[in-house]
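So this first bit is one chain, no partners, the form predicted alone, shown in structure tokens.
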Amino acid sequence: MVDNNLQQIWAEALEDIKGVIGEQSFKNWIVKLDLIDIGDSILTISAPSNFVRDTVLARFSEDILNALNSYGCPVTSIDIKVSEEETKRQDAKSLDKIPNRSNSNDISVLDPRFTFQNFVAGKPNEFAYAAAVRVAESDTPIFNPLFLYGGVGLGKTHLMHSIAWRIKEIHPRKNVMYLSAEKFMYLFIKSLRFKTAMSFKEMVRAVDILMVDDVQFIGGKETTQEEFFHTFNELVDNNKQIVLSADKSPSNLDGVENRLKSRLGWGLVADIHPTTYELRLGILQSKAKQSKISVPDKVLEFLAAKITSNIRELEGALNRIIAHSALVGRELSIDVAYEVLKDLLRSNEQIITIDNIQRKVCEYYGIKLSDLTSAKRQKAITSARHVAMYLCKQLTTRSLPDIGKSFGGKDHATVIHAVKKVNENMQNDDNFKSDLEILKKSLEN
């Protein structure tokens, strides 16, 4: 039982904290805390979940300590308790929010579009692609686990499904289970609720290949991590293949226990880098071919230069302009694409700097930044350098001397010459003019 005096101090301190952090943050986090004790310079309180505990410690610990000190409580640290029962209840609440997306008894619902044949490989993803093919075509585990990671919309799920499809094709008798981390948690917590935990364990540990997508979502879920840890060990010990994906590398997963992080990195960790212009263009060409709709090359090049966030947005942009053309009857062009995709293009906008322009030009022409800023005079490098200098003059407020310095210490006369040369080329070469238009629109606000 907490002393009434301490309860009074705690209540008054809470009012002060509310005034400092705001009512909304107070309702979201602080009101969920209960006082256990104040003594030996330590404030001991309880929280309903690990997530609340971690957030309070990270964001509000200083405010709490200052408020208590102002009331004569010389506390210097905070200890937040989360009971095991409360953690389980929190997991159960999370369960109710997780949609059970499968309408089939087979939880391994695979997308028929996501195959190796439809995956466009390039420098950013070639290592992950090669590793995925190797795992899919091997009789026994060679990398265990195979851990794929990368940002949103870069192709992790596509590779996961591709592995499953290839295994089913080559080894139709193998038991392949593919599911998201959310689905793993849903099924596990459901088994606890209905006292069928043994059936769940038998189901996931009897497979030949276990594939879990978006592993980052088990972060902070201690009971789920505990089960996943033991499932992982059981499968590896029995020489069964595990394939995982996440948005970060194993060592950088938030809220995941160190012992599990260690195991996730046991096998092969393959990262998928952000797309390059060449890869984006290849993906668009492949999708346009699959759609059997003729899309002008310049439109595809414009999209590849402009939509740089992720592959999902890129494919969505292509689908939108194709649908618009079919429904409205307008011929596809860069201007039509710009008009239809205004909202998407706006979200991909960024402040134009000399660095932005240099990187974009290097990407577009396939040269190194060191070449662009060097004294090399090869025709391709010189032409790209002129274009970059021209765009810097057109799209930034930097002075001619500043632009020159950013290109390896060139003087302002070199920049003037570059601008003049680009203007001449635009008048005499329609293809050059079109290339410059694509580059410029990909950089404009």
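One-based numbering along the sequence shown. These numbers were taken from a predicted model, which means no experiment stands behind them.
This protein has a second form, the form predicted together with adenosine-5'-diphosphate, left out of what is shown; the following refers to that one.
Site residues N356, G404 and F407 are none of them in contact with adenosine-5'-diphosphate in the predicted bound form, judged by any heavy atom within 4.5 Å. The partner is absent here, but in the predicted bound form a heavy atom of G151, alone among G265, P296, G151, G255, sits within 4.5 Å of adenosine-5'-diphosphate. Shown without its partner, this chain lists I311, C362, A164, V82 as candidates; in the predicted bound form, only I311 has a non-hydrogen atom within 4.5 angstroms of adenosine-5'-diphosphate. The stretch among 74-82, 120-128, 331-339, 366-374 whose residues place heavy atoms within 4.5 Å of adenosine-5'-diphosphate in the predicted bound form is 120-128. Of the heavy atoms in F114, some are within 4.5 Å of adenosine-5'-diphosphate in the predicted bound form. adenosine-5'-diphosphate is not drawn, but in the predicted bound form it has a heavy atom within 4.5 Å of H158. Contact annotation for L303: none of its heavy atoms lies within 4.5 Å of adenosine-5'-diphosphate in the predicted bound form. adenosine-5'-diphosphate is not shown here, and in the predicted bound form it never comes within 4.5 Å of any heavy atom of E182.
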